[in-house]
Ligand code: AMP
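Next up: just one chain, as structure tokens, the form predicted alone.
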């Protein structure tokens, strides 16, 4: 078995390429560091660029604080404490854990379980937490893991959290990075920041205008070519963007490649999707929704996202010629890369039965 990480274009390279393609100068200063298992970047323009040392350190410290509370691998984190506590016991947790769980459970409910923060047992049996795995899990092992998955077993009442799942455990990997972006973004806003971007592993949120008067130009990754983008969108007014793709992490079991995004409803890795990009008012919501919609697919996903205000999505199926679908709002804002011919199908977004 092999486990590989396929990362997006380095953010600085991507933005520089976009600036050059648009004939723009980018008076943007950057600060890079590693956290939450990925590359983090703080970008600042205008007055914020002049005080890059102060604001970037504030962003870094905020992300470190969030990681300490939400990490699956830190035994002192709220997530680890909940996973090791007796089943059904109520624990007091940080405001960060309460907030991120509230978003995770809302997306889980509205998506009919396409997103589920209790997916950890399935990640384990498919080898994403078990480097010794070489074969696809047998039906009996998969069924046992499925008995330990279910977001309804997580109870949150404002005074604490209870995890009432036999052998169940939380894994907030599908939402924690987005929450870290939001935490750093709000910290800089409280310091008076007006023109900046926080980026954790491609989960981004932007304030001000960045490289151009209209806003920050962000590329949408081509899931079939790690050195290419499909096109761009412009983020304004504190908007966030997140992408989930089958190129990010995978395992090879018995010669078959399986992407790391698992459908909690079936217990199996998702097939048929290459990438989903979501625009949302917060990075935490964009992060969770990009996973949920990757699992749900375009038709169901278009109806799910219709129940979330201010959110849009673009879907790329795992097939060639490339099949691209988008919500009406995303399609209106998306600008294909020069020279790339895309036929984008605009989705019907009448809410379905899973949307509340």
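Only a predicted model underlies this, so the values are computations on that prediction, with no experimental measurement involved. Positions refer to the first chain, counted from 1.
If you look for the form predicted together with adenosine monophosphate (AMP), you will not find it shown, but the lines that follow are about it.
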4.5 angstroms heavy atom contact with adenosine monophosphate (AMP) in the model of the complex for residue 153: no
is_contact(residue 221, adenosine monophosphate (AMP)) in the model of the complex, heavy atom dist at most 4.5 Å: no
Close approach of residue 171 to adenosine monophosphate (AMP) in the model of the complex, 4.5 Å, heavy atom: yes
Distance check, residue 115 to adenosine monophosphate (AMP) in the model of the complex, heavy atom within 4.5 Å: yes
Residue stretch of 302-310, 315-323, 44-52, 284-292 approaching adenosine monophosphate (AMP) in the model of the complex, non-hydrogen atom distance within 4.5 Å: 284-292
Candidate from 161, 125, 262, 233 lying within 4.5 Å of adenosine monophosphate (AMP) in the model of the complex - any heavy atom: 262
Option touching adenosine monophosphate (AMP), based on a heavy atom within 4.5 Å in the model of the complex, out of 209, 133, 129, 257: 129
In the model of the complex, residues of 64-102 near adenosine monophosphate (AMP) [heavy atom within 4.5 Å]: none
